[in-house]
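Just one chain is shown here, as structure tokens, and it is the form predicted on its own.
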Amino acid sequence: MPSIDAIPVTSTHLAFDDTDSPDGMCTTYLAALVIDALRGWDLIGLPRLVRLNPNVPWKTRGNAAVSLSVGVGSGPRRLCGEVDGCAIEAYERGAPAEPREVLDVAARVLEANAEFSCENTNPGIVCCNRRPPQRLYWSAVRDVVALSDVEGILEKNDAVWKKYKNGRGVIGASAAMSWRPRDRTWEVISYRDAGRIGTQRDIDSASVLRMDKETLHTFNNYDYETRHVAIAPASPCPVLFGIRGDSADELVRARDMIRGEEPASWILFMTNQGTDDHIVHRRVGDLRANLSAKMAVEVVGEPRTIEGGHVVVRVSDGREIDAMFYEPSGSLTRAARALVPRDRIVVFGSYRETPRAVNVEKMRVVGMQRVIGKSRNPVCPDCGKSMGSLGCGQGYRCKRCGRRASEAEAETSEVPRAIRGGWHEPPVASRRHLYKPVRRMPNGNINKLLIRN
């Protein structure tokens, strides 16, 4: 069986991007159609689903591109999908094809299916025998890349490509092709019959819950906080459901556990989802537009709840900025509301220029300030009775004899905090595609059942 980690070198690489819209289509579905059309060649290695910078303002939905490798396969092979009743197998290695021929076949499929009517849909398709340098991927997942720069790289790599409308999809396609994973996950995606696309999906939520509880390496299947089935998209796209996880073999088994509408096809992808590849360690003074960052900061102001139930926390690492926790983030927002000045936290999120803030995706509490509060009013030494308060900051007075006491004479004790140290994350339904769940963090290895309960 071929390695599920490998990205083939001796093959022809094909990638495409920006073919969907908020109203339909899906670039991964186009991958299924392209694989079916390329049956004159073999699939080498797993298809790769690559998410790019989630902060770019012109993205259509999830900012995903797809990369495939094809050629004349050799060596071990493994089942990685089914299209129109025909099994899709991926070889471990292979000899390259002619890039222009592969491009022409794939381009015809793209031209017949992409959502060209959407203003923000600007497809691009790229093919070559030598992948672009991996720095292109890191630039595209963390920053904004110019099309002219990408085309210069493609020319040096003897690539062929087609761009449609403004051609921005060439950027994402080239970046997906250049991805060499430091971390990776997998997703198995099942697609709907063409006649049912746009209608309500029929997915048995009880089967999703059973699958979630009976698999060890899947994640983001079900939102226990909002009771939402998270494997099904909300858009009217061709995807029936997608299951993500850290074991490709387990994902194929998990797919068979879902009951309801019968899928028409399915594909197993290697992906960068759930990796936090978009996150860069930054200081407050280094933040800029379209950037996602993690920052070690100290709370310097009391949390404020604003209209809509969102929470604003002023933080600083020498320079101050607002950390925004949005109401849909549920338990994460409640944790933010329990912070106090001098707490030390690490926040992960995206920078917003107007109003200037960091939109927090997850948080780790690394240092908690002791909170001391009044436990009892002073006792009158003459009467032995508890004194009454004269108002905030005005001290106390005995109701029987009139003796006074200062604020400092009240008894105090440490107040239990309504927040715990460690990781705090939003419910599944509020997580971005690249968001790394706490259970995947190096110091967040918590039992799956413990997280769910």
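These numbers were taken from a predicted model, which means no experiment stands behind them. Each residue number is its position in the shown sequence, starting from 1.
Quick note: we don't show the form predicted together with ligand ATP, though the next part is all about it.
Q: Which residue among 140, 90, 125, 360 has a heavy atom within 4.5 angstroms of ligand ATP in the predicted bound form?
A: None of the other options qualify; the answer is 140.
Q: Go through 258, 321, 145, 324 and name the one with a heavy atom inside 4.5 Å of ligand ATP in the predicted bound form.
A: Looking at the other structure, the residue within range turns out to be 145.
Q: Which among 162-170, 184-192, 125-133, 367-375 is in contact with ligand ATP in the predicted bound form, heavy atoms within 4.5 angstroms?
A: Only one stretch passes the 4.5 Å heavy-atom test: 162-170.
Q: Does ligand ATP get within 4.5 angstroms of any non-hydrogen atom of residue 62 in the predicted bound form?
A: The answer is yes: residue 62 has a heavy atom within 4.5 Å of ligand ATP.
Q: Using 4.5 Å between non-hydrogen atoms, is residue 67 touching ligand ATP in the predicted bound form?
A: Answer no; every heavy atom of residue 67 is more than 4.5 Å from ligand ATP in the predicted bound form.
Q: Can residue 51 be called a contact residue for ligand ATP in the predicted bound form at 4.5 Å between heavy atoms?
A: Contact with ligand ATP, yes.
Q: Taking the shortest heavy atom distance, is residue 56 within 4.5 Å of ligand ATP in the predicted bound form?
A: The answer is yes: residue 56 has a heavy atom within 4.5 Å of ligand ATP.
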